[in-house]
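Next up: a single chain in structure tokens, the form predicted on its own.
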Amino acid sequence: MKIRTESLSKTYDKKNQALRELSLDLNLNGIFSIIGRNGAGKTTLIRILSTELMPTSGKGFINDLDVVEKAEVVRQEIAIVPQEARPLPWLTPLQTVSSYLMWRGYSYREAKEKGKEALRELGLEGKEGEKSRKLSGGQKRKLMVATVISSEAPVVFLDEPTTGLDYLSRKELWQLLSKMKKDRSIILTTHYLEEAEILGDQIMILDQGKLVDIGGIDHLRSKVKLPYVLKVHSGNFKIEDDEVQVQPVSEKETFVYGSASKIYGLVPYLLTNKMKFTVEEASLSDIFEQYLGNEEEGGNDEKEDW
């Protein structure tokens, strides 16, 4: 699956720039995670590529099809769960999924069979005949994901699909998406950096509508100054060195960020003093802060991300 953009821009109300001449050229198989602060342009990019929103300028392409000029053809190749998507309250989950599939061209029998299978995969088989208004918020979100899973579309857009799900439900969905990616390409936006790291074969960082970097987790880690973290089981651990960053986490733990040589250079001292510790590669959360800083998130988003 190819995603390409040429100087793609979107401005709201003639002043709020959600995307700023964004140019990408990606060949993607698997899951593509898009992360950024609120107002970074994540949902705007998803909406343009999925033919829901017109760009102000520039072009976007899915498999070399212009998403504006060939919108009808593109829609046959994609499925999307928007950030604000909710099921109709008077329909049952099975009616929701099967009606969506019939709209996409499946027969009634095929739609019903595929709908039942998708609901079962998401743990909703016991709810298939219940009115959607009686579902919990997390179950409604699962239902919307079930619609795109059932469609067998080769390109799937998921805009914050796990918002409102508890941790165990998120993990169930992660497993399902990991299985799905063998047969299709998934473009995922999320505010959960752990989710982006676990699922993303490629990860894109956006900030204020501009591309910051893109690549696998190892590529992103190789670009930052402090790619390793030493976790010392002591709240009083101190070191004077401008090339490391010391962060007390609690009364019982201190994190030290630095290069491999700096971090492993501290190990003999810790062993000599019988201090408990672990050494890990920096997580995506650590990398994200180093790229963008940890200043307060700002901007307006589509709900939050335009």
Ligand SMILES: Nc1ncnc2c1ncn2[C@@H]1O[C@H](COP(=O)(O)OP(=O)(O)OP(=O)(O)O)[C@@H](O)[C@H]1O
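Throughout, we count residues from 1 along the sequence that is shown. Since we're looking at a predicted model, the values are computed, not measured.
What follows is about the form predicted in complex with this ligand, which we do not show.
In terms of contact with this ligand in the model of the complex, the residue from Gln95, Thr147, Ser169, Gln83 that brings a heavy atom within 4.5 Å is Gln83. Segments offered: 276-284, 238-246, 63-71, 37-45. Contacting this ligand in the model of the complex at heavy atom distances within 4.5 Å is 37-45.
Mapping the unseen interface onto this chain, His191 counts among the residues with a heavy atom inside 4.5 Å of this ligand in the model of the complex.
The closest heavy atom approach of Asp25 to this ligand in the model of the complex falls outside 4.5 Å. Using a 4.5 Å cutoff between non-hydrogen atoms, Tyr12 counts as a contact of this ligand in the model of the complex. Counting a residue when any of its non-hydrogen atoms is within 4.5 Å of this ligand in the model of the complex, the one hit in 137-160 is Glu160.
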